[in-house]
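So here's one chain in two forms, each on its own in structure tokens, numbered structure 1 and structure 2.
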Structure 1
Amino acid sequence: MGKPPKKKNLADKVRKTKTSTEIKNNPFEVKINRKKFDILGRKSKHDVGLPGVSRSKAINKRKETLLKEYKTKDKANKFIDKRFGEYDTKMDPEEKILQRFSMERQRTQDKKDMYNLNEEEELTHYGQSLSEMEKLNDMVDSDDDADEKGVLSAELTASHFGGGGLLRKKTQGEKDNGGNQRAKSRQELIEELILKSKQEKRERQNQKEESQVLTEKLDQDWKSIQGLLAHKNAPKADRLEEEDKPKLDEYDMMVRELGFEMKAQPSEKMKTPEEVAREERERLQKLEADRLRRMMGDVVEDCTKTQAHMSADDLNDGFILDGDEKPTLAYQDGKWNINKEGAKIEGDEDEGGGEGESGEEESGGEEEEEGSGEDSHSDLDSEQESEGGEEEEEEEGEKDEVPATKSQLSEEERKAQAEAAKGELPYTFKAPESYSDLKGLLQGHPADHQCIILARTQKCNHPSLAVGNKLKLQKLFGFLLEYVGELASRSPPELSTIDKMITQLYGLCQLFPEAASKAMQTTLVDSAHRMEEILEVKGRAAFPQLDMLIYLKITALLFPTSDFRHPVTTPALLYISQALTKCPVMSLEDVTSGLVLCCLAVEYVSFSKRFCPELINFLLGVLHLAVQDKTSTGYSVVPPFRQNGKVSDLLVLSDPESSQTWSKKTLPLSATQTLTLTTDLDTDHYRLSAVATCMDLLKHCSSLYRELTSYSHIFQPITTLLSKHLPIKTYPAALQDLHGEILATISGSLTSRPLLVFQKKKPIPLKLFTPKIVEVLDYGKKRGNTKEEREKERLNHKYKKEFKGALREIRKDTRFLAREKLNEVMGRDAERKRKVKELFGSLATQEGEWKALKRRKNSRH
């Protein structure tokens, strides 16, 4: 069915006919291009244009190219002729036919040979013909031919694989009571096979022992005559060869030694933290169950038995096919050392053997000997894991000893064991839900037991073991912080217990850093708000208590202090600076608290070397408290210290002679809460200790801030106080030496700096440029001076022109395709409307005929 003829529009007619004079004369078809200027002697080609003709040509061109591509898009309906030599004019028709025939035969032959081995070709493997190898004519040369290992007898085959009495020939001795022959049962056959195998084993063992004895005897005889052969003079040729033979170099000897060294053995797979936590919890649960049984009076027996290896092909019927009873053979001191224990044990098992013993013999063998070393190492590893590292492991190791059996324990010993088990710590603990639960769990236990309880609680509630354990351990960190604060607020404070709790806090902080930082932030923010409220009400606040000082120390241990900005350590350092600035020094306890804060500040800035002015000012103020004459000083004191006042002489010695009996000691942390000094001598000693601590901190700060450009200006007041006003002559020799070291360090780093002046140089004159002459042509248009510039400008102009033309053509192509798509959609819609209209017309005709038929039926009735 042919395609309907396309409708021709006006543009097609115009395109086919030549441009007639009528079109040229028609003013509606002609466009005149006006010129701005008339140039003499230049002919213009585009004075008059025909837009209609140009448009029709462009549409026709797009229909021939762009429309065809659009119609054939996503279609592949081309036939490609791939016949050999079809378009080769140099080949004759006969050659083409022969070549095509040979290629067709080759293609069919390849398909036939896909699953067909060519008998003419000889297949080889490692240079040997497979046909020769398949004959199996090679003789097996082995020392154990007589043993016939791995060969199944006919009786064994019949008993295991069918014919157990029906197809087997009967012997003369197998007769029943009536004189008829009867078949043996399967149990009897198996027993006979076991007896035969044991008998053959004994015979083989005896033969091996005899051959071993003969071998030893031959070795001894050879050893006796070997000495005679050694002293015999060797022939000259051998001696010449020995002389000519070069000696081994050290490198060659080392290479040979390395060749005989042990190869590296593969280690066990590293366990994941989840696996380690699971095994640790199972171990603690097992120990807790053993402890509970001991409390009830039951005896914990060691029921660990080594399981014999069983093959996957073992029928578990007690039959032994062949055992490996080779004894261990070694050569030492010129004699053969034979490990006869294995043979002895095997003989004993054979004599009293049952089916189970023989099965263990067969399944064991060399595998048990090889595995013994691995088992011993694994036991050692498990002992090291259970006993290494912590105090709780040592205590558990004592509890893991296997007690005696029930028959060996008397009633009194059992009661004593139960009492001892009651006194032990439980091995499993639930995570506390509140602070009161944690306090009840730890209260009444020494510090070591408290650490063990916390460690076991973390192991039993590891986050990888259950879903809610993570939240429980996060809460545990906050409870531990609160518990540490309570221990510090007691009198006297339990500092040793707090010191041991740090490891548990560190472990929890490593597991949950975000929760730990939030808990510590909450503690610091609460304390800072309390201090601000007190400052707003009273104008001054007391130094932080010991619990807060310990919190600041824990912050330095758990979180990095060298970061430029950290969510925990930065607020902690600001809190320390605020306390050193706002809290007045009213007593020796305040001096101690301030020095502790200074120590913490030095610890915070030791890595980053961040300058802390509050630290230097407080140390200067502490030294000012030890100065006697405060009338004329060459330095100024900043708050919270005063130049003169009631408490400005806190560190002045009441008796200069007390320095002779002073010995350097560290300031106790408990002195921040209560300080009991009964005599003036003790008070003076404490003052000297505070001055010594302050000077140690000054020495550390001087070495810390030595690289600062303002170092000399920062330590100038301290130098003035140390050199002129501090009564160093009344202090002990140790303080005098420390005083000299500080002054030497500061004076060695002082450098004179020149004053800032203007730069004394001749002013640089302004650059003078030669005026650039630009040729102006073409009525104001600037052109390049050189040939390259003009060529570049011409290319740029051409590029812009082509670019604009390409954009214009692309837009026209897009509009043309959009118009064609719209025509297709409108055509499909018109066709669909026409078909729908025809359907409605046919339906209306059917409806009318049906109604007419119905009327005729009604009229008849």
Structure 2
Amino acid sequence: MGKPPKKKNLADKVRKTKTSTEIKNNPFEVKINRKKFDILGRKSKHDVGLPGVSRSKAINKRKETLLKEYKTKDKANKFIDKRFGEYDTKMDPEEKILQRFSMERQRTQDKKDMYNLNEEEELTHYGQSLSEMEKLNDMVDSDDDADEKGVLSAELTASHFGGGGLLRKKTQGEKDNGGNQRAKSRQELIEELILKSKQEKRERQNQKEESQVLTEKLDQDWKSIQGLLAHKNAPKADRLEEEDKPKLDEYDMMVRELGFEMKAQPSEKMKTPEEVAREERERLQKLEADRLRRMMGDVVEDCTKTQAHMSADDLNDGFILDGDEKPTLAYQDGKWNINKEGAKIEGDEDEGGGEGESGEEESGGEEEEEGSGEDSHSDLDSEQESEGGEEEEEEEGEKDEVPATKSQLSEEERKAQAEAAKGELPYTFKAPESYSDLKGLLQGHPADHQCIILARTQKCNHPSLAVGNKLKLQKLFGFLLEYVGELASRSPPELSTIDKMITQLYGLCQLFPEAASKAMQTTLVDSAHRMEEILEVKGRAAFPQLDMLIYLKITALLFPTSDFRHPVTTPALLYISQALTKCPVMSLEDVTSGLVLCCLAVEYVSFSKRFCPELINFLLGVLHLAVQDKTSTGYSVVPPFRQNGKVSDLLVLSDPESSQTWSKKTLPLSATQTLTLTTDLDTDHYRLSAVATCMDLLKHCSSLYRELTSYSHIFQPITTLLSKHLPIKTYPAALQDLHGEILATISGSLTSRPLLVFQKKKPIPLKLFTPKIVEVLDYGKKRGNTKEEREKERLNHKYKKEFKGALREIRKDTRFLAREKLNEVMGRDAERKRKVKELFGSLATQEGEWKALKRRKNSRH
């Protein structure tokens, strides 16, 4: 019987015995964390602590969790107390007992229910207690419709019956709910009740409306079908009936029409033509300024600005505003004024109309069947009517126009033809998934149709219509590019088709600049790579094929060539340079290719007036081909040309007389691939044309590079060649004029040599002694500058804190467990001691008794 088995924890005792206010006022319980500084406006959470309380709380918590776990460690079975509310902490013990009692009673009652005529039993109707129902019915009915039929919602009854009784017995889950609700006050319950009933009412009403609408619709549908049925059965009678039917009241129709009519909305003020022109000019000026800025290359990265071509009103729907092509809808002299370009846009409109029509055809096909000859009576026809009206209007306009000019008449004819052709084409196209798809789509159609197909494909797969469309159209650009390349490499090349496709390419490029530039880059780099490989093997390469030339030209059309650095045009120029320096001229075809490349180079640099040495070198080389005596020249040509060799007489005329019959004409682009010149005269003419082209390009260059400092040195070999070596006397007059012109330009421009000095450096300012004032905008700790850094700092801090906390908790846990274990051991030891003592005690008494007995015996004896 030693000491009490367990010393009660002091903190626990305090917490148990005293109220919270008492503890808080006890200075021995309160620990105040001293603050070093008082900071205004800072709320500190931890200035006062109750260590005893929190410790006992922690210990209690551990007892409930950790200790239990420890106790059940290595024990597989689990004891679950299934008595009602055993684990429900929210219930009072008395309540629990009460509930259990009542449930017990009920269980016993139920069994004898049948024969029990006890008056305490309540009468029910539909499972509800009658007496209660009488009380509540009024309230519910008061704001409920008749279709409620007196059925009370479960919650309602539950709240009024105190959450129990007969109804509750079956559902175990709900019982807990009932228990929970018990905690709420009556006031709250009533409010909730009202809210719920209102909500229910609303829902019912909605449902009712919906069903009504559905019914109506069903009725209408039935009517339309009934009409058909009836029509078949008794056509005559029905017809009469129908004729009766449409005679609606005129007033009603008016009202409905007015009701459905769109409300007039405030629109923007119509812009006067001057305003429009001014805006257009401003836009162009801004774009031009942008271009210049990029050309200078000083603000290379300003990509935060939006796409240059987005106007504020742009809906990003692919509609491209081009001012000059926009037909202005206006009347002139009482007639409708249609621009020439209107044709194209009209085509678009027609397509739109066509699509709409086809859609209508599908939906209203039956009706057309029904009443094609009769006057339109269906309400759907009103739209058609308006459409038709428009068309009529258009037609009228066209008719009015017909006598105006003859040229427009031919335009009309063309349009009519196009119209007829379009009739054959389908209106929707699936976006091609591969290049062969596109080829299959376009093959076999004339150029115009191919364009229409492309336009329609583009429209049908507009990015705003579906999610995947953007990707599809981006791919389309690549395929189209490939197709253009194939067209160009056919023999003969179908350049006019390509010409028509430029608009499509431009449109797609405007929609997806990134994809377009990527596709273009890939094409260029692949070709350059191929050329490089050939160069490494053979040391020289053939001139690029026509498709590459076309690609280069398209690049110039789609992207600005004047930028200081541009992801597409800079590689393109490098490609031209590579071709001009590495491909030796072996034939007249090569001369033509080279001249095309020179033209492209001139076009590329024409705006920015950048210097391209390869261009001048090549032109010099081409002219050198036309020089007869190649021995003592005052200039030297640069590779790929040679001073003299077996192909260095390509452009020398075989017969000087042939220049008499020569007339200037443009060279065909297909001549870069195959050139069929049968007679010597043809060849000579071709040579003269090439020389003329070369001279024309030289003229361009000579005026282009006028401002360069080394102008005279750049053109010095060309001047020598032109003035001394070229057999200009044998050339036709036109060429002689050109020749004179170039020489005049070159000699006329006296380049002034500016001083070559370093730029003046900005003087380094003296050190100033006024303090530098930095405005502090946000107070408080500031670690790290960027958002990410701060976030990282914060997370690190949090992690550290959590880690420390976890460590502390774990330590406390182990300490707790150790203590428990010690307690256990101590308890066991004490128990054993006690038992041993007991045994000894009993033995001692036994012994004592025995001795006493013995003694007694002895004494007896």
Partner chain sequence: MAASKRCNVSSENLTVNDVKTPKIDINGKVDLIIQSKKHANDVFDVLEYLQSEKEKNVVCAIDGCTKLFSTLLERGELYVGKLPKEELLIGGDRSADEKYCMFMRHRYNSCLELLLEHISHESYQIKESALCALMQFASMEGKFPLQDLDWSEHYSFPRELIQAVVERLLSQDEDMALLISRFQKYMDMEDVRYYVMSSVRDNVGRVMDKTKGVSPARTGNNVFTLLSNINMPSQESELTNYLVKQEGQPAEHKRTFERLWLGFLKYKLPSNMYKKVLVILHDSILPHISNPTLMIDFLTAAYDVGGAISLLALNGLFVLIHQHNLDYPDFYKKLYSLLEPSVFHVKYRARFFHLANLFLSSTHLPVYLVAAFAKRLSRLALTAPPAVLLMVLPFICNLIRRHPACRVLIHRPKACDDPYLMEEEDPSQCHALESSLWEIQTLQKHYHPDVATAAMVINKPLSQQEDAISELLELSTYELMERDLKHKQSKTVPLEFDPATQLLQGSGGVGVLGLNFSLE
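Residue positions are counted from 1 along structure 1's sequence. In this text, the rigid core denotes the largest set of C-alpha atoms whose superposition between the two forms falls within 1.5 Å. All of these numbers come straight from a predicted model, not from anything done at the bench.
Colleague: With each form of the chain shown alone, which structure should be assigned as the form predicted together with its partner chain?
Modeller: Of the two, structure 2 is the form predicted together with its partner chain.
Colleague: Residue 462: with the rigid core matched between structure 1 and structure 2, does its Cα shift 2 Å or more?
Modeller: No: residue 462 shifts by under 2 Å between structure 1 and structure 2.
Colleague: Would you say residue 288 moves between structure 1 and structure 2, meaning its CA shifts by 2 Å or more once the core is fitted?
Modeller: Yes; residue 288 is a residue whose C-alpha shifts (by 2 Å or more) between structure 1 and structure 2 when the cores are overlaid.
Colleague: Would you say whether residue 85 is displaced between structure 1 and structure 2, judging by a C-alpha shift of 2 Å or more on the superposed rigid core?
Modeller: After core superposition, the C-alpha of residue 85 moves 2 Å or more between structure 1 and structure 2.
Colleague: Determine, in Å, the CA shift of residue 794 between structure 1 and structure 2 after the rigid core is used for superposition.
Modeller: Once the two forms are fitted on their core, the shift reads 46.5 Å.
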